[in-house]
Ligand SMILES: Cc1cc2nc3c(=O)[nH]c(=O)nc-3n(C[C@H](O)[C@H](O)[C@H](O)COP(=O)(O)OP(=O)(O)OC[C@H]3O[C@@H](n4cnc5c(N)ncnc54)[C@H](O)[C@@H]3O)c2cc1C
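The data below hold one chain only, encoded as structure tokens and taken in the form predicted alone.
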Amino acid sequence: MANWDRQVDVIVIGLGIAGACAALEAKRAGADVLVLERASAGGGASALSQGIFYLGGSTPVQEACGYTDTAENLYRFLRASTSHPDDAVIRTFAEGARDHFDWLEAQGVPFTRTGFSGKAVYLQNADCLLTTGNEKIWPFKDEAKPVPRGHQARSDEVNGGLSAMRALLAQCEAEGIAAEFDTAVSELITDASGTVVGVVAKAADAPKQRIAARRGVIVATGSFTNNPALVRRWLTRLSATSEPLGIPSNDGAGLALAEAVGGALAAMDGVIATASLYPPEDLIKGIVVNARGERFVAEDSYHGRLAGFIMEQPDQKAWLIVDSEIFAYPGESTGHTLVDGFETIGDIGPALGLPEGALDRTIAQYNHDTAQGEDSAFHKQPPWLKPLDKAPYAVFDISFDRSTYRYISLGGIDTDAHARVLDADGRPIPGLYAAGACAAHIPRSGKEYASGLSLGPGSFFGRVAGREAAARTEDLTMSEGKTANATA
């Protein structure tokens, strides 16, 4: 024991939303907690986000806005729309989401009791509730009752993520949770049995420290979105025009820490990219076609689902076609460019180099369907159906390799419903937990994603990790463990 420079019960690596929630729960469970953060302050990428939490089960906001939801309904939607292999993870989150909303609000995270019924990526006012996923999209609408579940923290003064993190960080400070900043964790320390029992950490202009964790270590270091080497290795469908979202320290260092002690990674090719067609909403009434002149997805899908399909099209090409009745420009930040205006449908195909007659047939079928009030190909919902028959027409290039699709990674450390880090055989590594964007997400691709499925489960399983780590009471018995190199 003399080889330790310091001893605590629980070490939390990272002070974004998962780390803050983990620290609070571990502290409240009676653990002596130390947070180690590589940046000069807490907040992480969470503080730069729009602050949307995907939650359900009839939260007070849902009820105030006239919606009834249940944990089972939330579970059915997530089970139908995502490919996460561990049903217990989805069930645990669904059953705890309603209480988690109450917990977040009790920490001071601000949510109003108002909502927005239209189609938006995020809200630029203090409204809270909006539909942020594929709840209304076939086939998911037939698997679970569609209700909005995106809860955006109040954003009338600052972005919602900063609103949320200010509240959580203030709570950490008020409860006396020790935090050391500008401090990188370079190694996890294990004993002879493989149990994680501490870390090696180094603050700026200070020698390395060996810090014991009597009960557990929680990795909450964020995504690998800003690690070019990992992005090139795993996210092979991204294009040269794709741009990462996050902060410089979203470099996957926590993944390396876990791997060094036998932790497995999962869903590493998962990515959510977005260059949304909407707002304005009317553009959803147009159609999106690929290089074969064919539609390939319902245009009213969540913007990340649309991007996921575009990424997979031949040469990643896609165009949005609208008529004069719904013409508008997509948001400038997307980089979607106007190709040209056209007097007839027949003029468009040759201009885009599409197979002869393909687009004419596609639009003829679409217009026939819309006249019947049913999209036979992709079940686009009636509010967004209209014939494209009001000349002139306009075409926007929304190709994945032309527009600016901003992305975050979805893969990471493999964990279970207890936030325990798993090895390659699916067995928990004793003493090691992970939560937040460094852990593999519930949605495994952009097609499965809904806005808020990072902050919602990230904060939820951060709390789980804190409680689970604090509950471990095994005494530290090693005097000098072996180390596993990485930096976080």
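Just count from 1 along the sequence shown to find any residue number. Since the model is a prediction, treat every value here as computed from it, not as a measurement.
In what follows, reference is made to the form predicted in complex with the named molecule, a form of this protein that is not presented.
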Task: Leu74, Thr131 and Leu283 all contacting the named molecule in the predicted complex, non-hydrogen atom within 4.5 Å - done: no
Task: Contact stretch among 419 to 427, 26 to 34, 39 to 47, 64 to 72 - heavy atom within 4.5 Å of the named molecule in the predicted complex - done: 39 to 47
Task: The single option of Val231, Leu245, Leu320, Ala266 touching the named molecule in the predicted complex, heavy atom within 4.5 Å - done: Leu245
Task: Contacting member of Ser249, Thr112, Thr334, Thr370, with respect to the named molecule in the predicted complex [4.5 Å, heavy atom] - done: Ser249
Open item on the list: in the predicted complex, does Leu455 come within 4.5 Å of the named molecule, counting heavy atoms only?
Closed with: yes
Open item on the list: I'd like to know whether Ala465 contacts the named molecule in the predicted complex, with contact meaning heavy atoms within 4.5 angstroms.
Closed with: no
TODO: With heavy atoms only and a cut-off of 4.5 Å, decide whether Val10 touches the named molecule in the predicted complex.
DONE: no
Task: the named molecule contact at Tyr449 in the predicted complex, heavy atom, 4.5 Å - done: yes
Open item on the list: If you apply a 4.5 angstroms heavy atom cut-off, which residues in 206 to 235 are near the named molecule in the predicted complex?
Closed with: Ala220, Thr221, Gly222
